[in-house]
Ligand SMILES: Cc1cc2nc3c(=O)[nH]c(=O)nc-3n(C[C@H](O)[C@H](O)[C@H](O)COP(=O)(O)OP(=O)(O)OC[C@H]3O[C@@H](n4cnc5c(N)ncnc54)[C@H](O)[C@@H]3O)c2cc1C
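There is one chain below, alone, in structure tokens, taken in the form predicted on its own.
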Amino acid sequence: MSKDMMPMFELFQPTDLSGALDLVERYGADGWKVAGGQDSLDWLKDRAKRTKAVIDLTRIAEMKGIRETADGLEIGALTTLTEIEESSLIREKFALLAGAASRVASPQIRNVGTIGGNVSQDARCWYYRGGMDCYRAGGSTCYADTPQGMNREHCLFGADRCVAVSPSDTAPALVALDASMVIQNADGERVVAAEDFFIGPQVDIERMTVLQADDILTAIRIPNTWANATFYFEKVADRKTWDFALVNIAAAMRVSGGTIEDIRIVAGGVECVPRRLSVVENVVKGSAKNADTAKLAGGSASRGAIPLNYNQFKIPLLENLVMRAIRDA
């Protein structure tokens, strides 16, 4: 397969959301929306996917910036990860998201990569990325889920033909913060909870989010519910930079008098969607924030896990991350 140049396509650079919506409605599945473009350009350069039109959204000013609202914050989908990492407003109220953004890839990528692109990126499974005819690509096989398959980075939960995981570092933080995703198309606007924005293979094996071809993710809203809470984010990867998480953990909790009154805790890298650890939440609510509670929480985190041939190590890794989140937040 020749990979020296991208296939031909027509490039559009709308300067307002109305123009972009007209284009995505016109081209539908034949239109490719680009924000930072780093994931998109990999697909096109490798010729693993093709498109008739590329719709560059980066000139749309209304999709950029961080705005304080009466109910919390609204972050434009084209806001860069560096801007989120460095925002004093986010660091003051929602440090969990700033911490997650700071662990994405490298500074160079964060300078270009956007929050919308980070939560919308496709699966990183090398079989799928390599252009093989797996289930996610419309075929009839999962090459990772075989005795010989390379599945060290794949899922512990929620497998349904495909065993790829959500690659986003910011997604678990947004779910933990009870964020909402603002989506627009030619028919208008709809708002979807972050927890429902990500979908597994049992819903649609060829998509990782609810976004359809004519949809544009325009903004992310974070309510004040968890503002200034006690936060914890940790990512474990093979390399500190330029790598995707083996497992990451995001927790937001309300602690009063040493007791955990409320908590949302979410893991990435273990399922096709950010995994809300509701069992852990139920275990620790109303309990003292101490080492004993943390140990119980860690042990409950892997309940229901079904490891693959080469990713059994993710079970103790997940348990330890949850234990540290409860103990050290």
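The first residue of the sequence shown is number 1, and the count goes up from there. These numbers were taken from a predicted model, which means no experiment stands behind them.
Not pictured, yet referred to below: the form predicted in complex with the ligand.
Shown alone here, residue 235 lies within 4.5 Å of the ligand in the predicted complex, counting heavy atoms only.
Residue 32 belongs to the set of residues with a heavy atom inside 4.5 Å of the ligand in the predicted complex. When the ligand is considered in the predicted complex, residue 120 lines it closely, a heavy atom lying within 4.5 Å. In the predicted complex, at least one heavy atom of residue 38 sits within 4.5 Å of a heavy atom of the ligand.
Looking at the ligand in the predicted complex, residues 66, 91 and 195 place no heavy atom within 4.5 Å of it. Checking 152, 207, 124, 254 for any heavy atom within 4.5 Å of the ligand in the predicted complex turns up a single hit: 124. Interface residue among 77, 73, 229, 159, judged by heavy atoms within 4.5 Å of the ligand in the predicted complex: 77. Remark: of stretches 221-229, 161-169, 187-195, 83-91, the one touching the ligand in the predicted complex is 161-169 (heavy atom within 4.5 Å). Of all the residues from 242-271, those having a non-hydrogen atom no more than 4.5 Å from the ligand in the predicted complex are 242, 243, 244.
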